[in-house]
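Below, in structure tokens: the form predicted alone, a single chain.
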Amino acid sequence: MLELTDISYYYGEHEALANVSMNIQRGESVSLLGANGCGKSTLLRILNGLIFPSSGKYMFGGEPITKKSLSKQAFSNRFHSRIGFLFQNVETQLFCTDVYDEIAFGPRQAGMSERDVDIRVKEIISLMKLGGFEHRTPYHLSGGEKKKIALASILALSPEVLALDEPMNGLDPKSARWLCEFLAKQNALGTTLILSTHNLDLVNEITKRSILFSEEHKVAADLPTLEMLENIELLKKVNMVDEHYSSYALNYLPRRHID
């Protein structure tokens, strides 16, 4: 569904991604792991068409995603309805005066009638247990509530792919647990998940595959998530964990059965 070939990206003279290639199939659940500054957020922005590679090729559903292709309004609308992006700082994507309008914004932009918009908003409010929030101002909500509203506004367009940048950041344990279980359910229903995270406690519960980035902004490994988490030396090599992680992994990671 998503195919990247030799993707590189530069911020000025600073290299953020170096010849990254990967394929992500429909319905997969994939985590992007690595130390701060390794290029995970940059990659997510490329996947969502917010920035474009300095070199290399990005294909989504067999179609090239470029500045030229996204300049065509019909193509851009279709692409952005198929892939939803949750920013690390969700306040950057909340701008309406109340929660109802925030969730309704995407369907309205897609040209849905007000009747269908209302039906869709109510469906999402029910799905995410947001009853009573409809006329509250997003600005005044807690961090966890803002993240929930931002996610609801994305889901209002029924995207095939959810891309999330550090979705557990700023959440209390209860909210993080809710989000973990919600994302797992969405994936079970067929939504493709791609998320960057430092939360190794939960990543194995959400994703089945992990792609690890080195501090040189390259793909260091692409493995089943549990196998990645068990590879302590590899995680240390890319500065993802320290020596204390070894005892955590030994005591808390589920063990794989060896026939």
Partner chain sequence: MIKDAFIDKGILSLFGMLSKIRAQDSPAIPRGPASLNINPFYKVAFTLALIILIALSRNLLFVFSALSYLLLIIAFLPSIDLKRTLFASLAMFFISCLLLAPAALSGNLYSLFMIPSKMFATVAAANILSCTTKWQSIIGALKLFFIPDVFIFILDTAMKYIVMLGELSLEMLYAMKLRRFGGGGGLASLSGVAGTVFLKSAEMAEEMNSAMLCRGFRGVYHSRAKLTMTAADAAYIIANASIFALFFYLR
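Being a predicted model, the structure only gives us computed values, none of them experimental. Residue numbers count along the first chain shown, from 1.
Here the subject shifts to the form predicted in complex with its partner chain, a form of this protein not shown in this document.
With the partner left out here, its partner chain still marks one of 184-192, 169-177, 153-161, 123-131 in the predicted bound form; by a 4.5 Å heavy atom cut-off that stretch is 153-161.
Not displayed here, its partner chain is approached by H135 to within 4.5 Å at the level of heavy atoms in the predicted bound form. For N204, no non-hydrogen atom is located within 4.5 Å of its partner chain in the predicted bound form, even though that partner is not displayed.
Proximity of L50 to its partner chain in the predicted bound form falls within the 4.5 Å heavy atom cutoff. Shown alone here, E114 lies within 4.5 Å of its partner chain in the predicted bound form, counting heavy atoms only. Along 63-78, a non-hydrogen atom within 4.5 Å of its partner chain in the predicted bound form is carried by Q73, N77, in order along the sequence.
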